[in-house]
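Only one chain comes next, encoded as structure tokens, the form predicted alone.
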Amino acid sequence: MRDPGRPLFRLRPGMVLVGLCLVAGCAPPEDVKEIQYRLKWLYNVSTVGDLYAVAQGHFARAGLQVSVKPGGPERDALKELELGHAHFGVASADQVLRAAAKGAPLVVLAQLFQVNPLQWIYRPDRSPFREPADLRGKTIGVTFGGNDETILRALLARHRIAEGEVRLFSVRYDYTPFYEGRVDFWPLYINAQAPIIGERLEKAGEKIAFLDPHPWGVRFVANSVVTTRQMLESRPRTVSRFLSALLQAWRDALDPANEEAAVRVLRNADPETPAAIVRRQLAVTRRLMVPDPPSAFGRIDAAAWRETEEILRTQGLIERPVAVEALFAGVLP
């Protein structure tokens, strides 16, 4: 039996995933004129490697013409994959598992975040936190129906904290309730919003800290690169070239030696975020994404995927169990 802690695949510079070609053979022509790649969200630091692959020519050198399109509340990458409007997409594990539970023929090619960037910001002098039990009696922000609600409920359940022992506050895009101290813990992405919010609070002389669910036993997989089984089986060489170029671009974008180039790429896509903030965002993103060794960038944490599936089942968010390992078939060496 394969060691579940072993990476499902490792992609090194110049390496081709031969296993992808073995799925259906490499003989048929693969005439994809322009590849459509739909991201999960708007352009920000969590998409820097995707943008870098275009700007720095990684896709072009692989012989690919790729259109990297932003996601957002009105753009569902998985739906576009199913409808044939996109060849590749980015989605969080819960999105993939929900779709798979309904029969969507999806394949996970790479896991971008090794640690979920979703955390809760708090003021340690006002709301001291040493362990999850300290959440009792606190007001915690959640986006009802969002990943943060699912993760928080899993954290509370794991540490036997009843929902009635905390106060849940409905989160919107306005941070005012947290700034005013009406909410003790506020959800955000530590690599994206945290450097911005943190700088504002630090300038006001306030101390900040972050609650990361991961060390407290809740692993919930974030963004991954996904395609359809039909794409994998009918165009394995295209999938292999795309994935190789994309992961190399991500490694290069997060390499400190290329920081200024990465900053320029991001600011071209998102000019409203100051360069100083982008540099802080990149530093945090490296810690969340780059594994040891860095050559294993994109490795799939099968155990974390199984835990994510269990969380969704326990909370009744998927109607039937999902054979998680089947989602990775075709990318095994």
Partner chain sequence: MLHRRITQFFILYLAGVGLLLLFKIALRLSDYVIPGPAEILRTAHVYGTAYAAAVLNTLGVAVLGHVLSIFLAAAVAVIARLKDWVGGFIRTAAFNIQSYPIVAVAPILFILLGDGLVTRLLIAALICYFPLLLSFLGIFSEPVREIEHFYEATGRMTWRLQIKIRALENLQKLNTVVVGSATLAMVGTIVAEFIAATAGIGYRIRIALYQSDLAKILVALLLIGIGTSLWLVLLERLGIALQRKLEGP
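Positions refer to the first chain, counted from 1. Given the structure is predicted, the values throughout are model-derived calculations rather than measurements.
Although not depicted, the form predicted in complex with the partner chain is the subject of the following passage.
Listed stretches are 122-130, 236-244, 100-108, 196-204; the contact stretch with the partner chain in the predicted bound form is 100-108, by a heavy atom cutoff of 4.5 Å. Not displayed here, the partner chain is approached by T143 to within 4.5 Å at the level of heavy atoms in the predicted bound form. Using a 4.5 Å cutoff between non-hydrogen atoms, D252 does not count as a contact of the partner chain in the predicted bound form. Although the partner is absent from this view, D134 stays clear of the partner chain in the predicted bound form, with no non-hydrogen atom inside 4.5 angstroms. For the chain shown alone, L83 is a contact residue for the partner chain in the predicted bound form, at least one non-hydrogen atom being within 4.5 angstroms. Of the candidates L112, M231, A262, L78, L78 is the one whose heavy atoms come within 4.5 Å of the partner chain in the predicted bound form; the others do not. Residues of 164-190 that come within 4.5 Å of the partner chain in the predicted bound form, judged by any heavy atom, are S170, V171, R172, Y173, D174, T176 in sequence order.
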